[in-house]
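Okay, so here's just one chain, in structure tokens, the form predicted alone.
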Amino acid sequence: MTEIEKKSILTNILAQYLNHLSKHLPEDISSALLRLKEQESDDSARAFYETMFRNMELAAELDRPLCQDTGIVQFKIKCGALFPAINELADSLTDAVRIATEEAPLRPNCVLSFEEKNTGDNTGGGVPTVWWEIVPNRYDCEITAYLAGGGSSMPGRAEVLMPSAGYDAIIPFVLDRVAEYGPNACPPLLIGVGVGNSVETAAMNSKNALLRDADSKNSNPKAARIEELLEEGINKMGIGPQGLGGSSSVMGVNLVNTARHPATLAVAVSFGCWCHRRGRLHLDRNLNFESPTHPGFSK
């Protein structure tokens, strides 16, 4: 297979996947919404959940994006160094965004900073955003795509705390941000919390937390306990679906942590809205693919 053929096949797969992603929620998110709907006792809140599920039905039926804000496209790439299309991947990601913008269609959201110019195709100036991880001696590639909407991206925050505050300080840091901006981020929310050595590592960890399944738990018991306490605390706020009240306000709270310097305790929080459009795509060396988050996707 020539490089041109590989690039064409890869671009086509990715463009169709972004199209599908804009119209179909991942299974873990739709399952979380169903759980919240079934346990909701407030009639108005239940009506909002009914509207969300009707929205999902119409998006699939009419072949339209689930939300008009299809976000800025972000990719997390975990690619084997021996993946045969690794040289074509960067260009294919950008080309796929352009194609999906026209065909899905994705709303053009890429505005060049300071120039205040919309590029019209969701590319330019570091967009789409791509984070790379190259794995030695592997032939496959895992691509996580996330349509990061403006409403859910806006409340994000990162800060370096005094380590003497202890890990308990993570809880008020997150709760204060949710109380201030949570209703604006189209709840029920998926909350990503990052802990690390600096603002940038904490922020990246909080984004990675949003890419985990909504019902997953941190493997460290102390970190898992913070996830649990945050979920309980946010639900007690009574924000509810669309911020208009209800017994549940979050689909899940995920915490990702990495090592830190003893003199720093960096923490960040990222938000995912109810329409949390992200998915994982696995490609083998022959460009065969599957999506564990969207089993219904096929080329």
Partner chain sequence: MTEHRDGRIIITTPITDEDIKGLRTGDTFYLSGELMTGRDDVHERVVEEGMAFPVDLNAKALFHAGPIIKTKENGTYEIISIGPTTSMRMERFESAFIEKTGVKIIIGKGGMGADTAAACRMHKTICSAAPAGCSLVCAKCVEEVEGASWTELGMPEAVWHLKVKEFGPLIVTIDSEGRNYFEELKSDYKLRSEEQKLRLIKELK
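Numbering follows the first chain given and starts at 1. Small disclaimer: the values here were computed from a predicted structure and weren't measured.
What comes next is about the form predicted in complex with its partner chain, which is not displayed.
A residue is said to contact a partner when one of its heavy atoms sits within 4.5 Å of a partner heavy atom; P172 meets this definition for its partner chain in the predicted bound form. Mapping the unseen interface onto this chain, S41 falls outside it, with no heavy atom inside 4.5 Å of its partner chain in the predicted bound form.
When its partner chain is considered in the predicted bound form, R64 lines it closely, a heavy atom lying within 4.5 Å. Mapping the unseen interface onto this chain, L106 counts among the residues with a heavy atom inside 4.5 Å of its partner chain in the predicted bound form. Only one listed stretch (188 to 196, 67 to 75, 129 to 137, 211 to 219) carries heavy atoms within 4.5 Å of its partner chain in the predicted bound form, and that stretch is 67 to 75.
Within 4.5 angstroms of its partner chain in the predicted bound form, the stretch 27 to 57 places a non-hydrogen atom from each of F48, T51, M52, R54, N55, taken in sequence order.
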